[in-house]
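The chain below stands alone, shown as structure tokens; this is the form predicted on its own.
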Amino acid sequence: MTAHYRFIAPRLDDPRLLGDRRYSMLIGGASVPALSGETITRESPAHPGHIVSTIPKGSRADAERAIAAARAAFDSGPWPRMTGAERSRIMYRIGESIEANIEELATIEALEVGKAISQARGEMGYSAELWRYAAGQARGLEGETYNDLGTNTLGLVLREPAGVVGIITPWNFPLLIGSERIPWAIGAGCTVVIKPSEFTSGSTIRMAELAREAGLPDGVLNVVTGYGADVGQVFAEHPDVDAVNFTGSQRVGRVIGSLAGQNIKRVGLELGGKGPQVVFSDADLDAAAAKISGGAFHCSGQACIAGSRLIVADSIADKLLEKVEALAAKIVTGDPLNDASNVGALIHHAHFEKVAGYVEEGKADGATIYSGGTRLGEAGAFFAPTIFTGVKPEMSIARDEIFGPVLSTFRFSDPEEAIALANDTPFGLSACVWTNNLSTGLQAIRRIKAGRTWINGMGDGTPQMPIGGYKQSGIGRELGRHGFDEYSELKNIHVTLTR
């Protein structure tokens, strides 16, 4: 089948596009260039030829001075010694400041990431909510007491901050993913050095500047920019970094995990997914189709929790696919600065070619393009929402994280086959199940190996609930009360009392 996809050509004279935004790193409370003076420029993926930001090209020396600032702030600064209430008030103000600057932050991400500004606004609002939630929890963190160890014995378990935390974030949701980690780290009393992607550093730098203005002490949150091998890798190697958290590819995650292991430091990894969307025959097909389309094509499929594998009961497959295609055809792709756009561009031309290459591999392997599979527009990295049918588990489009708007479809005839297909992946980040039978949904979700799951939904999130992956999707959990455990040390104190 062929759908006519809606496209809005980028407007090259939009005043928000004009002018190169120049950023500095934030180290020890000061806005500074790279020691070398070198910079990296970012071209808009939606507006070829237009430079939208310039950032410092940091080096190992820059990373080391940022780590030193964080170390000093932790060892001798006020932050770890503040009361939970004092930290909470500052963190809450940061959330309020993000809320007050949504339009600026959303514009930065629309330009650098290429995502639709309407989507970016929602992410900025949720990021503010993450800060406010963590602020509330930060004043209620607790340890444990044991009063049943004997007449003259008392047991205490203290929660203490882990120390200096190095955080490395990806290009797709820079401020949001940073806000899923930084508030929990500093809420536990840690200090942070963060390296955002060299493609999308602007919003993270502005968030850190807003945090400084909100009263966060110098050195508690430091931003160093540049390439991963020059800057991010230092976090895993350096003895003054106590914990490292990385979000990104499996390939780099293995390197970071290996280096952290060699230096015996705690590590948190979120390494992508290949999320199954399992639809049983009794599901509400209209509700399922809406979320399947959104789950697969949101942010042009550039989301680690994207539901990129549709596993559908054979008896309803044709009807459901018609509904999904009809909704995909209504997605407006194009100019990220246009409020009418639902989806913007892929991150850059090289990634566009990678996605297009996977589509060609899928066809060569014998899968059928049900709809999409083409470039949209004459310039920019825009790709049409794409649906494959006839996909086999061994195909690359079934196994690899494409990170593009590509949905691979499988059919099943019984529940056991559905569960087997859902688990037939090295990933385990997200999964959803659609059914009107709650027992069917719960039994299926209990057997699917994934850390973030939904029944009759997809993509919904809340600060209260922990997120993270099974299998090769990562190690550790963020958000909720459990998120503070990633950045805490627990100390056992065995007290013997005088008779």
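Numbering starts at 1 and runs along the sequence shown. From a predicted model like this one, the values you see are computed outputs, not experimental measurements.
The next section is about a form of this same protein that is not shown, the form predicted together with a small molecule.
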query	finding
Whether 169, 196 and 270 all lie within 4.5 angstroms of the small molecule in the model of the complex by heavy atom	yes
Listed range touching the small molecule, judged in the model of the complex by heavy atoms within 4.5 Å, from 88 to 96, 283 to 291, 129 to 137, 242 to 250	242 to 250
Residue among 325, 209, 401, 218 with a heavy atom within 4.5 Å of the small molecule in the model of the complex	401
Heavy atom within 4.5 Å of the small molecule in the model of the complex - residue from 354, 319, 159, 254	354
4.5 Å heavy atom contact, residue 233 to the small molecule in the model of the complex	yes
Non-hydrogen atom contact residue 228 with the small molecule in the model of the complex at 4.5 angstroms	yes
Residue contact check: residue 188 to the small molecule in the model of the complex, 4.5 Å heavy atom	no
4.5 Å heavy atom contact, residue 296 and the small molecule in the model of the complex	no
